[in-house]
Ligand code: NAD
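As a starting point, one isolated chain is supplied in structure tokens, in the form predicted on its own.
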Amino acid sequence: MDASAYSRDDWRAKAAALKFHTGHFIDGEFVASKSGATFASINPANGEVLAEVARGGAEEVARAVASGRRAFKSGVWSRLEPRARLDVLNRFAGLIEAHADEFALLDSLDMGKPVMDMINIDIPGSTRTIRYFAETVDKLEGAVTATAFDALHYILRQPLGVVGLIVPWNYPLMMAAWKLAPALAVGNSVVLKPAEQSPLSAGLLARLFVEAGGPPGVLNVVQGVGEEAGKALALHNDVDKIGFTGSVEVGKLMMIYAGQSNMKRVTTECGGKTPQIILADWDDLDMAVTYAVNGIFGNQGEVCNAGSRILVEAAIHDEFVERFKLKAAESFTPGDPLDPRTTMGPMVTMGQQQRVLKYIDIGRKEGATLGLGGGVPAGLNQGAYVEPTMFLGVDNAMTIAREEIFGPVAAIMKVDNADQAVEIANDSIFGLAASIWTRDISRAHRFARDIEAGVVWINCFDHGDATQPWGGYKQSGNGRDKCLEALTQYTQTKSVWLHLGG
């Protein structure tokens, strides 16, 4: 049966029959923490405990890293013929698709994402990424340089070894796929540490990799809280790289831990405060409104590139605001994530809900005008829900315009022209993404040149595919996911100089 035809009762029945993978996955099997410690995975839609998950620390990280190092040194994956790795990764993607209902339920129950978002966005996005990088495995080339007649100099590109990947809770499956795919494609072993708020899909992911033919030990999973398992992974002297997506605060800690240990490589993607700029010369206001609404309220606003700062030229500001309110009301309905009609689930935890509500209160106190939402939806008090919320009269110095809220809170600012919009947009510690709506091609190109962001959209928002480098400027991070550049970040070059003699 096609998942798009499932009813809420169908999804609930499947959820009731679901089995959780709650252990660490090390050397090809599920194991408990040696101490027996666990932590609760909680359904944010109703506050109920889903499962007790193994809580790992330094000991479990050490076991997983040792397993990865043994596999790497054996060459069972790192020296496997590239096309054989391609076959495994393609089978891996196929198995994720075959288990789509299970993945959809795991991430929906665990972090509140509407189940149909999993079916329509996260799972296809994950498998496309894996297949994209599978196809790159025999396309990454070295080089031969022009040297003296009595020498041959060539450059090899080789895997790093054991890579630690620390992924966030907002896209548990897809963010894991973004980082796993290039790391595995070039032959590394991996220790994956999922967020403690959304741990349940990682074990299934690792098991399916082995089922696809991936050798045990190549992909390991350690569950646990960031301050214990994540820190231990970043400090481990036999980890060659950390790939991290999360907060600025923790991203900085990753760099500190690398310096305190073995100077391992670190790439980070640390969020943003994305501006959406709508200029008066854009003649399809409904299209711009639709993208703006989706850009901030999609995935409950729990998106690193959420278009939370909406800068609208004065001539169209009032009309834009009215249409924005109407579109938000008709497009985003908070409710049960297992109901296919639901378009907005809860925040990932009660703590995140309170954090978002606190920012809304700060916005009021600092003088912004609440134009939409601002509280908990009626009848949903048991879950971690927040209404789609919009503020007007926002100044870029306000807290809600400067800090990443990671929730469904839009800050609309009136601007006089494109130059002022760019100046305001760049006045931020973040620089992940930005968009502009204009019919003036010269203005669009100047915007792309002048905006301080790693991803730029012109007359659209959140478009892209696996060829698109994903990463930011400034404190949004220093690495790139997706794209061929990601491959090079999981490899290192080796210079080989052969003296040919006289």
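Counting begins at 1, following the sequence as shown. Here the structure is a predicted model, which means the values were calculated and not measured.
Another form exists, predicted together with ligand NAD; not displayed. Remarks below refer to it.
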For a quick test of understanding: in the model of the complex, does each of N170, E269 and C304 have a heavy atom within 4.5 Å of ligand NAD?
yes
Among A185, L109, L432, A206, which has at least one heavy atom within 4.5 Å of ligand NAD in the model of the complex?
L432
Would you kindly say which of V218, A425, I166, V115 lies with a heavy atom within 4.5 Å of ligand NAD in the model of the complex?
I166
The chain here is shown without ligand NAD. Which stretch in 374-382, 80-88, 189-197, 118-126 comes within 4.5 angstroms of it in the model of the complex, by heavy atom distance?
189-197
Should F320 be counted as a contact of ligand NAD in the model of the complex, where contact means heavy atoms within 4.5 Å?
no
With a 4.5 Å heavy atom cut-off, would you call E227 a contact of ligand NAD in the model of the complex?
yes
Is I362 close enough to ligand NAD in the model of the complex to count, meaning some heavy atom within 4.5 Å?
no
Is there a heavy atom of A181 lying 4.5 Å or less from a heavy atom of ligand NAD in the model of the complex?
no
Mind listing which residues of 219-255 have a heavy atom within 4.5 Å of ligand NAD in the model of the complex?
V225, G226, E227, G230, K231, F244, T245, G246, S247, V250, L253, M254
